[in-house]
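The chain below stands alone and is given in structure tokens; this is the form predicted alone.
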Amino acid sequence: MADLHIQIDRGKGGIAGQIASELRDSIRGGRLTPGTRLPATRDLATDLQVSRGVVVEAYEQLVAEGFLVSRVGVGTQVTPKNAGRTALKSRDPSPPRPPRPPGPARRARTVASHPPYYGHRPTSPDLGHFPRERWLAAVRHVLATVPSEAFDYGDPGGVPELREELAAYLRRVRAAEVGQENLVIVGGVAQGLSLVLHVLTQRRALRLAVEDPTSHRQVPLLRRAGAQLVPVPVDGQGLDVRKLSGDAVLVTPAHQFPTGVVLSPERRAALMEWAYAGNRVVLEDDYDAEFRFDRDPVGCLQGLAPDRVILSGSVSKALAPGLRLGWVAAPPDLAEAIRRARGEQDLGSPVIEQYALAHFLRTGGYDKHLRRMRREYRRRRDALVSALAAELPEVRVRGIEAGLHVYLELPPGWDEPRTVRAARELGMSVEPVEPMRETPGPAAVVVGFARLPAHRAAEVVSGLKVRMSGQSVD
């Protein structure tokens, strides 16, 4: 049994997070080797003088991230090297909460000829909540304090101040293993993926596995970058790793788009084994991972295997797509190649915005904004799901409680084009799933809730019910 030597600062709070962080670091550092059995939760809780529930929460977080496995009769242990071949019994430890009891749903008395507009894309954030004053303060701070020389052509990989702040943020919030030296600042995830694929395809022809279904907007970008795409089905546990083929894979493990599922612990372990066994690369799109509502978000894959995983992210969902600020975290040799490619392409991202984001991160403005929006988006999702349960129970909501969109499986008799037309006439942000698929599947749509006010959800769903039932509006 391992002696864990866990240090807790009780004045900082977040005891479960501290325990998980200490264990994660011990596993990464090699002090806890694959297969090491951990103490029972009750025993560790007694040793640390904390409640057993706190230790259970820490263990469950690391099981979900793939660092630990838990099996009946065996206990909890550090993930063995061959865990990908083992049919583990652990799953994402916190099943989705049932929706809050619905309030009285109001039937739409009238449908305005020009309804409110609730978003351009299902993954669009609510731009009305962009923190204008705090962002303006950050820009003013930059203009008042940064030396003039900083506004010259700089490092195409990004200003060091932003890379340093981002590295600290990703380590703290996404459990990434990253330093500023292997971060490259880019103009969003799309540009980041383009640069990564440009570098990889310069080395060899690339067969890139992609999730099926996947974002149809990314497909042309990936092909234009020179990748040959290989679709791999997604089910309730995420990407089906058993059906993987190719030289690399692009995944959205924290919240798969469009289905909304999370990559299960056993699939995470199997994916890492697949990557190491064939010297392959995993491209991780971490597009909305900060917005999980039923539990802490699962740590990124990059933290499990920083030498195999290239992590991409941006502020497009957290702040605004129009900022065009994102990042790529890659192994050092690839990060340097991506930085050079960025320099050859357009010399780098706008400097003032990079300094402003660094200041926003350093002063806590980014965290504060995320906490606020996490509460608001959870409220809006709950309102939409409750209204659907009350008015259209035959429509099935799939996926975890997270992100900015819901995946809705349609009942018999509802087809995607008609549903999309009806929903858009009510101002909803909705897209059909069929264009996102390579193989046929149940009729479904993706609906954005980030811009749908909670108090309007019942009215909109009631209007959709009227339109889809073919009834006239009172």
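All residue numbers refer to positions in the sequence shown, first residue = 1. The structure displayed is predicted, hence computed values, not measured ones.
Separately, the form predicted together with another copy of the chain exists; it is not shown, and the next lines address it.
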{"query": "Triple contact flag Arg224, Glu344 and Gly348 to another copy of the chain in the model of the complex, non-hydrogen atom at 4.5 angstroms", "finding": "yes"}
{"query": "Stretch in contact, per heavy atom within 4.5 angstroms of another copy of the chain in the model of the complex, of 162 to 170, 270 to 278, 128 to 136, 399 to 407", "finding": "128 to 136"}
{"query": "Sole residue of Gln180, Gln237, Ser386, Ser194 within 4.5 Å of another copy of the chain in the model of the complex, by heavy atom", "finding": "Ser194"}
{"query": "Heavy atom within 4.5 Å of another copy of the chain in the model of the complex - residue from Arg340, Lys243, Arg371, His216", "finding": "Arg340"}
{"query": "Contact test in the model of the complex: Pro321 vs another copy of the chain, heavy atoms, 4.5 Å", "finding": "yes"}
{"query": "Residue contact check: Asp296 to another copy of the chain in the model of the complex, 4.5 Å heavy atom", "finding": "no"}
{"query": "4.5 angstroms heavy atom contact with another copy of the chain in the model of the complex for Arg379", "finding": "no"}
{"query": "4.5 angstroms heavy atom contact with another copy of the chain in the model of the complex for Gln202", "finding": "yes"}
{"query": "Interface residues of 396 to 420 toward another copy of the chain, as seen in the model of the complex [heavy atoms, 4.5 Å]", "finding": "none"}
